[in-house]
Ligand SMILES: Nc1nc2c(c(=O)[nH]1)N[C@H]1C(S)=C(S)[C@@H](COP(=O)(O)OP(=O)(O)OC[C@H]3O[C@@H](n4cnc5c(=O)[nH]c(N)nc54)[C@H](O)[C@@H]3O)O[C@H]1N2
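Only one chain is given next, in structure tokens, and it is the form predicted alone.
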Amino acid sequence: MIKAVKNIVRQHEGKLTSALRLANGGHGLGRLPEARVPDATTTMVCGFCSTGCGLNVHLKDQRAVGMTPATEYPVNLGMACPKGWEALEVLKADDRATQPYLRKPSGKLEPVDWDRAMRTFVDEFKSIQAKHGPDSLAFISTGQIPTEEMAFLGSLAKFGMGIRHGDGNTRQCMATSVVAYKQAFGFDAPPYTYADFEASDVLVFIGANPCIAHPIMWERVLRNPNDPRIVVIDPRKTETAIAASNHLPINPKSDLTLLYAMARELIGQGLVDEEFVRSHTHDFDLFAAHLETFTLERAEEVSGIPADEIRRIAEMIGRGERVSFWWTMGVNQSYEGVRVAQAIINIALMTGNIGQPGTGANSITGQCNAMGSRLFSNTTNLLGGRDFTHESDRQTVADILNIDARRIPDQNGWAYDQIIEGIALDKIKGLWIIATNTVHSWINQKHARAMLDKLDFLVVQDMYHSTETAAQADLVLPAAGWGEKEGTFINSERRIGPLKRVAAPPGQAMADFHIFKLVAHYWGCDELFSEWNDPADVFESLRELSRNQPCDFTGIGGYEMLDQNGGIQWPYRSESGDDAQERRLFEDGRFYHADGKARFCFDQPKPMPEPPDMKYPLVLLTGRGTASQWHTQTRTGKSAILRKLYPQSIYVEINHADGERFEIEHGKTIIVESRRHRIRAKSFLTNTVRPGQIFIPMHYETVNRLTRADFDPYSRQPSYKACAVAIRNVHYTDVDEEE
């Protein structure tokens, strides 16, 4: 078989797709679907952010030659952000991974064929398991690949390879909201539809800057015909805050005290929907008792917002007819983010602002398929939002997938931070990273780099060989990108949308799905996945796995139905017969706990783990810098147009008063230093940040050398948004930022 694979690879210019076709005939690796793009124009979901815009891809000879936003797609209605316009261009980069690379004894990554790559992968990982036990391996997944590939990876790793510890990079962005929804509603269930942006008369954005981070969602806000009041709660004067009716520039990490004070004020002003609370919730009396000490005066002292302003906003919320609450990373990426998210949910519940048009406690997702990851990556949840620790859930999944239930772990695996610390403790020896750039994005980056170097074997599977993480790999596997494979994404409003193959991956690169298929074969567990010959087969399994779950979409007939309907939001049950393009949850007031009622969840605020002091007197804020950058710039950095739309060099926003205090001039290279590292950045004096705070966009590679590794105890999400730093001018004795 090995010789045959090698021959086919050579005969077809190294294309692994040819090897798969051969293997289909003699060894069961599976058939490769041809591109389903017969029309001159085909519509598919964008692969950048969670908005999930529809893009019309224009084809010539069945290859993509251009792209425009889809005017009829119910998400974006003919709009696109700069990243969407450039989605095809980033596929053409010179640093695409086009063949496997293996690190040789010389220390250099050198090209090898797929057979050598797969043999090395399997031999190294099995050797680690034999020497250190089955839990010595782990994988880190992503919110960037189709749902079908996520499900295949999680099933392959946990059911086939015996790897219990696996997590996704969605831990960095959405874990807080997942836990908050589960505890409050009984299931991870963002309740809204994008139509709510246009139906509200009051919109409250907390730790969210949609004008930059989700510009198409902001466009939907601008279409609101109700002349809505827009409230922004954010330490920084963001682009969204500038456009708001009211901006509350709170002190960093004072959200919980502020929100509790607002809830107390709602009770004091008699603005609670008592009928809704009585009929549809639990523990309100306990919550009300908890609020007794959260006076307006306490909130003013902690948050810096005047008591009268807090009172006015509470009254605006309480008297609004249709109030919606929106949050994203400013809430999620916090050491107490779960309780902050639930403080938002509590206000929505106590005012009855849920389940109706223009309402909701609404978490805005980050990555293009974070929602798919949350339900079907098989990392922290068993497939379909189930629980690994429940025997009945394990048996249900085993029956659907026709596998032995004993193959399914009966314990939860480690979260992302626990995997990294497992390396430090010599418990994790081998790691497989798929479509994420850990070295850039993980908190306290210097520590992350050291941990990856400590591994016995690191496999990185990515569409680019140039990422900071790939540079540390022992083996690099070349993957296809968005537009080069098929499947589905699930966006922030729970809309399942189609992804299509409109271009061929370069060289020997191929879809992650087929890499997983090949790994299964070389590992010797391919019989478990013999029915998954293409992504459409996996989608059929996912439909069944969703049955009778809150996310039930058994009524979706397949990819063609998604294509015809502009995507479909879950739930969409087989008996529903509902062809509505917009559907929100909890319209009947029933939630997903066994008694059908939502829970009020709360706790005491905790102090910032690393407050400023004499040596490090400033608070570092991080976040999205521009609509033209995305996360670690792995893709957006490949577009010449997108590069022109943001500064190429890292910069730091500093208030004018702090510039004067520390003798910093505008536009000069300065030192920013935390207890963990120091970096150089160009100073930008501005009033968008308040005195005592600075802001650095997260997209630049060095920023996470500064951040401190604190985590929410419930969600284990990293707290990126606040740590103590100092700034100063560069001294002639300073070495570079690698110091």
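A residue's number is simply how far along the shown sequence it sits, counting from 1. Bear in mind the structure is a predicted one, so any value in this text is a computation, not a measurement.
As for the form predicted in complex with the ligand, it is not shown, yet the points below apply to it.
None of Ser530, Asn226, Thr626, Ser127 but one reaches within 4.5 angstroms of the ligand in the predicted bound form through a heavy atom, and that residue is Thr626. Scanning Lys83, Arg501, His290, Lys182 against the ligand in the predicted bound form with a 4.5 Å heavy atom cut-off leaves one residue, Lys83.
Though the partner is left out of this view, Ala213 does reach within 4.5 Å of the ligand in the predicted bound form, counting heavy atoms only. In the predicted bound form, no heavy atom of Ala263 sits within 4.5 Å of the ligand. Within this chain, Pro100 is remote from the site of the ligand in the predicted bound form, having no heavy atom within 4.5 Å. Proximity of Val221 to the ligand in the predicted bound form: non-hydrogen atoms within 4.5 Å are absent; the residue sits far from the partner. Note that among 378-386, 354-362, 630-638, 274-282, the stretch whose heavy atoms approach the ligand to within 4.5 Å in the predicted bound form is 630-638. Contact with the ligand in the predicted bound form holds for none of Met150, Ile345 and Gly567, as no heavy atom of theirs lies within 4.5 Å. Contacts between stretch 488-520 and the ligand, counted in the predicted bound form as any heavy atom lying within 4.5 Å, involve Asp512 alone.
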